[in-house]
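Let's start with one chain on its own, the form predicted on its own, as structure tokens.
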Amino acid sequence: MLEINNLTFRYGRRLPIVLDGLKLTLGDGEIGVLLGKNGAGKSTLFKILTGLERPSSGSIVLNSCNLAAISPRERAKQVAYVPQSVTFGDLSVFDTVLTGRLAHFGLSAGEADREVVNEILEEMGLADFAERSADRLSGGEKQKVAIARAIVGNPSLIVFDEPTGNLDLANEMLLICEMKKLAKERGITILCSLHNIYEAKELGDRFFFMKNGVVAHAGGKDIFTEDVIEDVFGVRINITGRNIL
């Protein structure tokens, strides 16, 4: 379970507060979706979850473990990150996915690490691409490689930052299916940011509408009301009609 309590953050003493006592709870194997305007604090929250920034106050507890109390290496075992835009350099698909286990093996991968990579590639339908350059794959294939790299370390939480932003419709649906599979079959908790309301409703179990550095509204699919959308995004729309996208 992911429990975020009273999280506060600012990038400098004289700069505005970005997160202002944020609270969020997400169960094991649940998919949570963050929604809100740009600047609401979603990316900052992800930076704190992955250890790139430290909060001014508050706590993040993952499966009874306070993330602030563990080393960066141990955090890397617990929390994986999949960005919107993925680049892999000159590495093959196999070596790219293997880097997802760096926190486990350090300088040199063992046979057990390589076996785990092969298992994940087979499961994700990427075995035939193992020796190809990861950076030369299609957008959808790259996202699958990024997911494989995230799960190969067996994390408790995966953070996805706008994962469908650069994909066509077919690959968006493929990615959503893969994320649901991760949560259900592996019991991995997923926290994801999305802009598209309909993708969010298709993907998520719980939804967190952020505004001014806090979760202003939270709940299940019934949280998508015209009043909530207007409060968070400042527009009045008919959420039952797909023509608003």
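Quick note: we count residues from 1 along the sequence shown, nothing fancier. Predicted model, so just to flag it, every value in this text is computed and none were measured.
The protein also exists as the form predicted together with adenosine-5'-diphosphate; that form is not presented, and the subsequent description refers to it.
J.: Using the partner position in the predicted complex, report whether N212 sits within 4.5 Å of adenosine-5'-diphosphate, counting heavy atoms only.
T.: Heavy-atom contact with adenosine-5'-diphosphate at 4.5 Å: absent for N212.
J.: Answer yes if any heavy atom of T44 is within 4.5 Å of a heavy atom of adenosine-5'-diphosphate in the predicted complex; otherwise answer no.
T.: Yes, T44 lies within 4.5 Å of adenosine-5'-diphosphate in the predicted complex.
J.: Is there any non-hydrogen atom of S64 lying within 4.5 Å of adenosine-5'-diphosphate in the predicted complex?
T.: Judged by the heavy-atom cut-off of 4.5 Å, S64 is well away from adenosine-5'-diphosphate in the predicted complex.
J.: Residue-level contact is defined here as any heavy atom of the residue lying within 4.5 Å of adenosine-5'-diphosphate in the predicted complex; does V18 satisfy this criterion?
T.: Output for V18 is yes: heavy atoms within 4.5 Å of adenosine-5'-diphosphate.
J.: Just one of 33-41, 56-64, 181-189, 198-206 has residues with a heavy atom within 4.5 Å of adenosine-5'-diphosphate in the predicted complex, so point it out.
T.: Partner-contacting stretch among the options: 33-41.
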